[in-house]
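Here we start with a single chain on its own, the form predicted on its own, put down as structure tokens.
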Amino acid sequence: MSKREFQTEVSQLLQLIIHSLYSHPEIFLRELVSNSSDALDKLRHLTLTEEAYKALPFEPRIALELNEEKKTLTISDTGIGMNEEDLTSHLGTIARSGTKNFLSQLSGDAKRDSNLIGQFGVGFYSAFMVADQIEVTSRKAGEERAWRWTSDGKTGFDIEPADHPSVGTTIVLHLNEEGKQYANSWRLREIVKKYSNHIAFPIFLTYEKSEWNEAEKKSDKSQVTEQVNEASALWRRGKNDLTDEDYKELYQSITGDSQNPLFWFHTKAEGSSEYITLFYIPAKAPLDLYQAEYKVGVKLYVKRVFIMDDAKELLPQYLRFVRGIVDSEDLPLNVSREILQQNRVLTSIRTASVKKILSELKLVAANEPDKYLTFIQQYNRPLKEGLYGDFANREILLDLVRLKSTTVDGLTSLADVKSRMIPEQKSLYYITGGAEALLRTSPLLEIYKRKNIEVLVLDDEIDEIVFSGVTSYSGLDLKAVNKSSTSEDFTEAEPTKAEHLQPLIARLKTILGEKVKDVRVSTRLADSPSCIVSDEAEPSLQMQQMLRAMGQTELPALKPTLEINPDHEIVRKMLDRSDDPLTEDAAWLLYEQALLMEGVPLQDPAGFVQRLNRMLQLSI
């Protein structure tokens, strides 16, 4: 027997699971059954695709055996099994990349945390909530020797050679005080139906059944074995044969999510390529949605045979929140990840699936706006990511995203913004570059407010990156108000005003020098004396800051254009005193206040304060 210690993270994990999920312990059975199902999937795949395994008998089953007297529960399967190395790596260390994040994600909310363990691949350890001793005996497919792993979840684990009659794994739980409530056949049956009813393999429960013997006036006991799940590929059945409850049960079975999905889309495609897709939208965004190593939520089957659940080729990255199943009739059973990347059938399935999901979302938006708003609150940002990369579906994605605006509370669609355009309006407008409160008070909006033109307020940090590449919507130009070109849409400044201000503009250019690209008369300002804008192809100053914060330190020094309001009293007074030394302080203050209004920190705050103090001394 070999005595070994748990990896440090496993010890922490065990303590957190045992103590944090104490009010939701029944999920241990969901996790162990799910692991058995995965083991069966892997062996079935090997027996169909690998010559070395085709001769192996494959009789898939998961068996639960309850011994109420000894207070033990045994879970066994005829899956791929584990050898000594597997037992050590799977049950003694955290090997999966990203799993350590689980430790920092636990919130103390038992129901929420119980869903995490499946997402992070550490479900086996939940068994220590209900057992003070666990024995795992396993024999790997293709090997003769079996091994036994034993642990109390505290002092480490032992591994020793053992006997196992066939390929597969047997787990014996010695139930503790908390776990004794599960030494009950009715309770076990209910848990299996709740979480694992649509696992693709049969689950059998063996227990001692009592029946009243009327003749002898006593209770007779006998060992019985019953199948306790449906074990059907539910997605293969027609929509009319399925109830909402069937769909919800399958969703919870394949995801481990205790909440019901928001909605689902079930499609059977026939013709040159035959396949079935069943896609679910979770009620809450997956916790790893914005992690680089997110877990794929769509499982790939070929003719009901599970192939893989981590194929990122099935859907584009921006739809990574979708859960469900793709079951193809045309892909080869031994399809590899390399083949997937180049397979014409899969490309066709992917293209059609994306269009189906987006078109169904559009129907939900039209027919169930409240439910769609719930969806948007979770997934608006991933849809915006799609705008950046999925050019083929950009128009429908533009219909699906929801945005803030200067006219309405909450979120609105681009279609609704278009419907509210004033008659003389020729384009749709938006502002980016900072927090919502800052954007709403920007001087750049003054002319739009005066003309009752709606402007979209894009305060998400990815908005400027995304919408810089979106130039139109439904036949209308989509323009950023903080770009210099939008001044062409408003021609209120008379040419004589611009000519009249030329001496002041020349003076400002001399004073500000290399800080600005240009100084010119503004047609967009109403109440403010100045603003700054960027050229069409250049990122805003806010975006430049964000890119540098992300490590792009070699960005060229881009200069803004300063626009001044010809009708503002400060500008008129500066014109009259353009040779006055105070004009230099005023010029810098016009530039610096415009930067501050755009949320850009000043490079020389001390100089700004000194100039401001000099002006205050003169005005008091």
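Counting begins at 1, following the sequence as shown. If you're wondering where the values come from, they're calculated on a predicted model, not measured in any experiment.
There is also a form predicted in complex with a small molecule; it is not shown, and the following applies to it.
Enquirer: The chain here is shown without the small molecule. Which stretch in 123 to 131, 244 to 252, 458 to 466, 272 to 280 comes within 4.5 angstroms of it in the predicted complex, by heavy atom distance?
Expert: Stretch with heavy atoms near the partner: 123 to 131.
Enquirer: Of the residues 39, 64, 574, 29, which one places a heavy atom within 4.5 Å of the small molecule in the predicted complex?
Expert: Exactly one residue meets the criterion: 39.
Enquirer: Using a 4.5 Å heavy atom cut-off, which residue among 453, 417, 91, 314 comes into contact with the small molecule in the predicted complex?
Expert: Checking each option against the small molecule in the predicted complex, the one that comes within 4.5 Å is 91.
Enquirer: With the partner left out of view, is residue 203 within 4.5 angstroms of the small molecule in the predicted complex by any non-hydrogen atom?
Expert: No - in the predicted complex, heavy atoms of residue 203 and the small molecule never come within 4.5 Å of each other.
Enquirer: With a cut-off of 4.5 Å between heavy atoms, is residue 482 one of the residues that contacts the small molecule in the predicted complex?
Expert: Looking in the predicted complex, residue contacts with the small molecule do not include residue 482, since no heavy atom lies within 4.5 Å.
Enquirer: Should residue 35 be classed as touching the small molecule in the predicted complex when contacts are defined as heavy atoms within 4.5 Å?
Expert: Looking in the predicted complex, residue contacts with the small molecule include residue 35, since a heavy atom lies within 4.5 Å.
Enquirer: Is there a heavy atom of residue 81 lying 4.5 Å or less from a heavy atom of the small molecule in the predicted complex?
Expert: Yes, residue 81 lies within 4.5 Å of the small molecule in the predicted complex.
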